[in-house]
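Only one chain comes next, encoded as structure tokens, the form predicted alone.
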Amino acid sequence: MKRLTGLLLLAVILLILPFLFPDNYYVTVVGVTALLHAVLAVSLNLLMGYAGQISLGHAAFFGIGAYTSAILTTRYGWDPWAAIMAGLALTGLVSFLVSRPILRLKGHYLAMATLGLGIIINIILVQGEQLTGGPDGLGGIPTLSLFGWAIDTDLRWYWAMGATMLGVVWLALNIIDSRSGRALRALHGSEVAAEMMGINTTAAKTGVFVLAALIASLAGALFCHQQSFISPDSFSFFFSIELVTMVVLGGMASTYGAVFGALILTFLPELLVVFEDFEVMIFGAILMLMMIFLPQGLFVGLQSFALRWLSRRRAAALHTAGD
């Protein structure tokens, strides 16, 4: 119930922002990017935060979804929604095939294997010039339409991306509260203990890996149609690291923490532009201080602080009433 209350609160915030700040750059432009990042962070959090399987190549699946949809619509004239479905199918196949050998690894070895996967996909995007456009990218990607409603303005993309983000958060919350979610948490705690409890750890890891990849693929497809242009730079190793930072900054094993971390890491650089040459230094210092004083994550740390404060207030009120 608490989780659904949080989802409703998040929906209300998304709903009222455009009305409070009409034609605002941060709401309609940066907000779309932040919501896209939130979708990716929530998907990665399922894999990292709950299942304990680190990935440094999540941008690879983001890129597969984006380029599949872009190539099929621009070069072969496919309907955008059919192209998105094809991208999901390809991503599901690739993620399933690589999950078995990769997820046998643990710790640093797993991180290096996923890093290698991300690099391979990025090289393919750069070298496959005839299909992908190479380093110059691919443009002319058509916009999306839903029931005759063209998603062709920043505000409309804000609504579309907001609805997608809420849907992904709802899906993640339901998975976490299900038997599969309990299996993932057991797997994170100890794979050996999870196997002793009768959990099929191989199936659990493969399932969450493929699911996270599919969500990233969907985000990539939406991204390419929203931007109308993509290039390999958007799907590099550095973006994978940025996604990991969002998850860790918000709080591992917290769906709302992943959303919060994505929003903070997207909006903060925009707000620090006024400092010009000191922007990167201040940004790094803020991240460093956050992790020093709130190592469990910003959202989780603030949530714990608020609960302790409310508990002390309640105890003080009861003590006063008893006197």
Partner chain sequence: MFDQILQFLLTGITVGATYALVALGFAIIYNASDVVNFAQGEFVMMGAMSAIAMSAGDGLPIFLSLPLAVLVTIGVGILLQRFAIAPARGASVVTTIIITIGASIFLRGVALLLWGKSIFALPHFSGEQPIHIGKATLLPQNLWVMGGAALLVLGVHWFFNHTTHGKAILACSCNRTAAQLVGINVGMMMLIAYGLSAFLGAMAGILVTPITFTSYDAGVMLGLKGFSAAILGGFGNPMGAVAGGILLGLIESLAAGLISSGYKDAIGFIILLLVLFFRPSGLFGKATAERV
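These numbers were taken from a predicted model, which means no experiment stands behind them. Residue numbers count along the first chain shown, from 1.
Not pictured, yet referred to below: the form predicted together with the partner chain.
The stretch among 87-95, 153-161, 246-254, 135-143 whose residues place heavy atoms within 4.5 Å of the partner chain in the predicted bound form is 246-254. Taken together, the three residues V192, L287 and I292 all come within 4.5 Å of the partner chain in the predicted bound form, as judged by their closest heavy atom.
Note on contacts: among I264, V30, L272, I54, the single residue with a heavy atom within 4.5 Å of the partner chain in the predicted bound form is I54. Contact check for I102: a non-hydrogen atom falls within 4.5 Å of the partner chain in the predicted bound form. The shortest heavy atom separation between L268 and the partner chain in the predicted bound form exceeds 4.5 Å. Using a 4.5 angstroms limit between non-hydrogen atoms, M48 touches the partner chain in the predicted bound form. The partner chain in the predicted bound form comes within 4.5 Å of a heavy atom belonging to Q127. For the partner-free chain shown, F237, F238, I241, V244 of 224-244 come within 4.5 angstroms of the partner chain in the predicted bound form, judged by any non-hydrogen atom.
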